[in-house]
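A single chain, nothing else alongside it, follows as structure tokens in the form predicted on its own.
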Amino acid sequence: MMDKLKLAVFELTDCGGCALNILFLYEKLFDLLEFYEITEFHMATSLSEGSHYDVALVTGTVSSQRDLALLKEARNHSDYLIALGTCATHGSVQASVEGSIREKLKRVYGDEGNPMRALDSKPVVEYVAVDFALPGCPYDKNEVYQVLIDIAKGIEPVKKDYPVCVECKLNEYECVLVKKGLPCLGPITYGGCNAACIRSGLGCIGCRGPLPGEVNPASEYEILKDLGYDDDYIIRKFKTFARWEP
């Protein structure tokens, strides 16, 4: 029988939802255990016995020196590192906070006001090379299941490289941006959620992060302006899940 792969889950600063989402795989989690041995996962086991991991999942942003040390440990001891969730891939809400965290702490607590050694929140991908990035706030749990199954079978997981609009059209949903005038970031946001917000009659909030490449945020901006949304609203909407200052 083939040896099981060693799987680790590392949690940096975040709400905990992305790690918890793995447990919400329910019976599919047991399918994964046919291929993997969990050797590090704070929410699932008190064991912490790995010095080498075949696959490591990292959630959250790097927001402290502790996060940075943990991330480097994960990278240095894993063969395949996955940035999981929009905090890890794009910084998400906590990285959208404007201004330096050190200056904010200094204003409140003085020169010695950074005992937790806080850093400006940044996504994992800004510090280390990752082998796969799976965005979402939270991500679709079936996506991480398929990624882990693919890796276990020696198949390179497929990266989604199209906007939410593609899934909207495949599902034949009415365009909420054009037909209803709702603010929808589907044209410039990574697909993979199966257009969940549009299915509910809402506009895409961009929680999977901006899609690079040939998308046109300038055109999205002009459309929203024509619909009557002001600059402040549009900019805040664009920044919600992706902004950070280098």
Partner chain sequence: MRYIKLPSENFEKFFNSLKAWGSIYAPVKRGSIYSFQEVQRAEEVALDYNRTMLPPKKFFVRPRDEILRLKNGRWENGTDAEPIVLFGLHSCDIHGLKILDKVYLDEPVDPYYKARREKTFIVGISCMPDEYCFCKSLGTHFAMDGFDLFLHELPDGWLVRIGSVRGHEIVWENGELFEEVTDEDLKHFKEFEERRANAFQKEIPQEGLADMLDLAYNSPVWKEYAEICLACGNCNMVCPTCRCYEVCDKWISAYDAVRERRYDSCFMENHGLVAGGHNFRPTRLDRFRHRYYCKSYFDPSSGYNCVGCGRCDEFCPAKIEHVKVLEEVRGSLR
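These numbers were taken from a predicted model, which means no experiment stands behind them. Numbering follows the first chain given and starts at 1.
The following text describes the form predicted in complex with its partner chain, which does not appear among the structures shown.
Remark: of stretches 130-138, 100-108, 159-167, 82-90, the one touching its partner chain in the predicted complex is 159-167 (heavy atom within 4.5 Å). With a 4.5 Å cutoff on heavy atoms, F35 counts as touching its partner chain in the predicted complex. Using a 4.5 angstroms threshold between heavy atoms, V178 counts as touching its partner chain in the predicted complex. Remark: V215 counts among the residues lining its partner chain in the predicted complex, judged by a heavy atom distance of 4.5 Å or less.
Although the partner is absent from this view, S51 stays clear of its partner chain in the predicted complex, with no non-hydrogen atom inside 4.5 angstroms.
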